[in-house]
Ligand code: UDP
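Next up is one chain by itself, shown in structure tokens, the form predicted on its own.
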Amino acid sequence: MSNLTFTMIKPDAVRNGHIGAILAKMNEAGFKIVAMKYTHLSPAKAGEFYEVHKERPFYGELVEFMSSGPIVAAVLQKENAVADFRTLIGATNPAEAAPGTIRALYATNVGENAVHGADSDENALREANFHFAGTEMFF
């Protein structure tokens, strides 16, 4: 179990002005932000990031959405980070997300669900290193 996880505030939540509220929820839940940047993924970079889903029918739509506007990428630190963050963000489908979770509060639908959260310790590290150099993470 690692004490790091990776997240992105997705283009829908950025567009809808929810960056501050989402970051506040992370802080209130005890996560320390150890790296963060406001950036815009090109279609090529979004495709590379989500390459694991390349054979899935939603891949093209996902890449198009994730490159449709700016995102906030962040590395978060907390004991049991991946599992605790997955609980904080809620189910992928905001209609099924527990009340008070980030997706229940700020997501629009399954495709535009406000935030990404790493699903394993291994992916958290891979995703963090995809977006940040070691010199950009402050533990």
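Remember, predicted model here, so these are calculated numbers, not experimental data. One-based numbering along the sequence shown.
In what follows, reference is made to the form predicted together with the ligand, a form of this protein that is not presented.
- For residue 50, a non-hydrogen atom is located within 4.5 Å of the ligand in the predicted bound form, even though that partner is not displayed.
- At the 4.5 Å threshold, heavy atoms of residue 56 reach the ligand in the predicted bound form.
- Residue 92 belongs to the set of residues with a heavy atom inside 4.5 Å of the ligand in the predicted bound form.
- A residue is said to contact a partner when one of its heavy atoms sits within 4.5 Å of a partner heavy atom; residue 45 fails this definition for the ligand in the predicted bound form, lying far away.
- Note that among 24 to 32, 76 to 84, 37 to 45, 108 to 116, the stretch whose heavy atoms approach the ligand to within 4.5 Å in the predicted bound form is 108 to 116.
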